[in-house]
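Heads up, the chain below is alone and in the form predicted alone; it's given as structure tokens.
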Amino acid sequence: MESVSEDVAALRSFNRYFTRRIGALDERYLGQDRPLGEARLLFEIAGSRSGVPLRDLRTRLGLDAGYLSRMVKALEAQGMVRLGTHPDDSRMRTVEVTDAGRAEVAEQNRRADALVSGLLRGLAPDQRRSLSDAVATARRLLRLAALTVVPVDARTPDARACLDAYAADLDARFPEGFDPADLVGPEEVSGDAGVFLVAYEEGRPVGCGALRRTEPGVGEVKHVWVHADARRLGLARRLLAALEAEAVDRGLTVVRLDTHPALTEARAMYERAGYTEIPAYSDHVYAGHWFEKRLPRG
């Protein structure tokens, strides 16, 4: 058998233990008339106030279209959900919970709460807090691990949406406001000139960053931004590392960046990432601090 790292072995061992403890392997999850997959799908459908498109459920739950279709039909046969079409697009199939399905989800939640309460009963209050903190940390790190960071054309809708949100955030935080005309142009961050990265979570853009070549061997990091829903995961640091890797691949040995005095958390992140504050290298109107980092040769 191929050897695996301790990290992989530890996570797999925990998965086996936890799925057994919560009854995920039972054909009748929580003692109801369906396995965990159908129970989770019913929970997601019940969370929508109106019909939810099947394609949204596929994306949200990461399900194969055929498998999702079979589970929806099973729930429909049980009287838990009903199928329909989107009011604005008759080609889009939707599904919504019935009154019976909503009552079933309420009972499912009651049983799930009782199960978890039973799991926690043997722990002291400080141990419960430790467990809750550990679960929060695990969820944060697994979310970060599941994010993808990819180069995109800066003219694409996802890239422009990230830049628009970045500009809006800065406009709200800078005392003098922010002029979107200061954003990099697509030609500055494409081809040999540079690169534009977008971070995705389950198909949704949640962050971005850019690198542009400013002189031989030197690049500049621009517009590192993270959506509010994805902050405190470590995504900004991951974007910064990805931009540094792009710089190395392009033969750059130095990356620089500047930041506004109001962005104290950004300055702290750059320092933790190994950047050193240097004298001003540009007359950028929004800059109050300038940083530089030497990179290893590729």
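Rigid core: the largest C-alpha set superposing within 1.5 Å between the two forms. Numbering starts at 1 and follows the sequence shown. None of the values given here were measured: they were computed from a predicted structure.
From this point on, the text means the form predicted in complex with the DNA, which you will not see here.
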_Which of 225 to 233, 241 to 249, 33 to 41, 261 to 269 lines the interface with the DNA in the predicted bound form (heavy atom within 4.5 Å)_ = 33 to 41
*At the 4.5 Å heavy atom threshold, is Arg93 in contact with the DNA in the predicted bound form?*
yes
*Given that the partner is absent here, does Asp89 sit within 4.5 Å of the DNA in the predicted bound form, heavy atoms only?*
yes
*Might Ile45 be said to contact the DNA in the predicted bound form, defining contact as any heavy atom within 4.5 Å?*
no
*Determine whether any heavy atom of Thr253 comes within 4.5 Å of a heavy atom of the DNA in the predicted bound form, and answer yes or no.*
no
*Once the core is aligned, please say if the CA of Arg93 is shifted by at least 2 angstroms between this form and the one not shown.*
yes
*Determine whether the C-alpha of Pro151 shifts by 2 Å or more between this form and the one not shown once the rigid core is superposed.*
no
*For Arg212, decide whether the Cα shift between this form and the one not shown is 2 Å or greater, given a superposition on the rigid core.*
no
